[in-house]
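The same protein chain appears twice below, in two forms, each given on its own as structure tokens and labelled structure 1 and structure 2.
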Structure 1
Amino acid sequence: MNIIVPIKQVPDLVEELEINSAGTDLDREWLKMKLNEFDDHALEEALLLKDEQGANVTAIALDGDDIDKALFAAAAKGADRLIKVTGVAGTSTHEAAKAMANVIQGLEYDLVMTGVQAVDDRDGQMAVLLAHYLGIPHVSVVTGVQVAGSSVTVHKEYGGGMVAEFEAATPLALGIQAARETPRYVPVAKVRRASRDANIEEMAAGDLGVDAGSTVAKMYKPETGAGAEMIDGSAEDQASKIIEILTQKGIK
């Protein structure tokens, strides 16, 4: 079984986000990036399938800041092959998905598994767009994958913890919400070793001919604190004030 796992880096939300001077995007110069957490789950689910029954796992990413590190980390965790797609200038998910589709078309694959969403996919989610550019069926919000022969059992989560079970044939694309296990941790030393031993193949994106189809007029921070009355002071002061509020509201 061949599993392709598209991954990408996204801004780390723990850091302060600044808006660029045009007011249309983040100021990307000092942005700290990290692996999209749902891609981490997709990689984990692929590696679980590999552990359970053997599979060839390819991690693939568009060229960009810090992407080599992310690919090497995937190798350190167990990915067998690393591919970097070059020649994509735009930032929309439609372009990224088309570029991925162009490259993946030339590979052997049964499953394409990537994160269900990313914090910056304004024009839609990678898994579903990629699936439709590849012309293969797709399920999103997946919380478990099991393979028996050529049949894939997929768990898709609805609201309230309800799960729908589907049986599907390959090829199939999946938007992974959560792997069955917590994504494995890999020590830095192992990533460093992978960066010496593993090889990143570069492949050209080819013709895209698509874009988001919409334009960003403006990016802005929502009115933080608009709703909340902020309580200042030390933890002790704040706790006393909260007690006051709870007493006042008859809660305590």
Structure 2
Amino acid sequence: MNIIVPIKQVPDLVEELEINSAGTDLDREWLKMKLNEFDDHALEEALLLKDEQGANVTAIALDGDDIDKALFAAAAKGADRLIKVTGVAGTSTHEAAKAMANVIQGLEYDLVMTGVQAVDDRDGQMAVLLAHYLGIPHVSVVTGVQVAGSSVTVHKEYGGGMVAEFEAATPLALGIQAARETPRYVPVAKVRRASRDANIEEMAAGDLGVDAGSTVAKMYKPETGAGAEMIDGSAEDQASKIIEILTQKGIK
């Protein structure tokens, strides 16, 4: 079995985020990036299938800042092949999916497993679009995958904690929400060793020709209010003060 895992770097949300001068994007000059959380789960699920089925796992990513580090980290975790797609940058999800599909369609694959969404993609459609451009079925919001020959059993999560079970045949695209196990940790020393031993293949994105997606007109930080008023005293005193405040605001 051959599994392809598209991954991407996203802004680390624990950092202080600033907006660029045009107000259309984050200021990325000093922005710290990290592997998309959901892509990390997709990679883990693929590696679990490798452990169970002896699958071959390929990690693929669009060219960009620090993406080599993310690919080498994937190799350190167990990915067998690394591919960097060149000739495309700053793309929408539609363009990214088309670029990925252009490369993937020339590879041998049974499953394409990517994160169900990312903090910066605005639509969460990567798995859907990959399936569209590759001409294969897809299931998204996946929380578990089992393989038996060419048959794949997929657990899909719905709102309210409901989980459905689907059976599908390969080739198949999956949007992974959560792996069956927590993504494995890989020490920095192992990533450095992978950067010496592993090879990143470069492949051209090819013709995109995509006229779809959305653009950001304006970004801004939420306005800061006056702050909270802390109410001290006993429970009775606090209750009386809350009633007084609500009455002053005309709430009865």
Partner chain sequence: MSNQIFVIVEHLKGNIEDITFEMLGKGKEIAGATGGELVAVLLGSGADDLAGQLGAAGKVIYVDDPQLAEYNPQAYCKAVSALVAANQPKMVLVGNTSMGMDIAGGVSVANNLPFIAYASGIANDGSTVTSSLYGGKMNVDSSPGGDGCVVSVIAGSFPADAGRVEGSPAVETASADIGDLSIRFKQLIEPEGGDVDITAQEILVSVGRGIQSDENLPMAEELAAKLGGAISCSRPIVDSKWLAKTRQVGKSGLKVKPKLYLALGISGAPEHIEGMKDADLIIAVNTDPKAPIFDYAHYGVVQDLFDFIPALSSKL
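Superpose the two forms; the largest set of C-alphas matching within 1.5 Å is the rigid core. What you are looking at is a predicted structure, and each value in this text was computed from that prediction instead of being measured. Counting starts at 1 with the first residue of structure 1 and goes up one by one along its sequence.
Enquirer: Only one is the form predicted alone; which?
Expert: Only structure 2 fits here, because that chain is the form predicted alone.
Enquirer: Return yes or no for Ser21: a CA shift of at least 2 Å between structure 1 and structure 2, with the rigid core superposed?
Expert: Not so; Ser21 is displaced by less than 2 Å.
Enquirer: Verify the C-alpha shift of Asp237 between structure 1 and structure 2: is it 2 Å or more after superposing the core?
Expert: Shift at Asp237: 2 Å or more after core fit.
Enquirer: With the two forms matched on the core, what distance in Å separates the two CA positions of Leu246 between structure 1 and structure 2?
Expert: Here the C-alpha difference is 15.4 Å.
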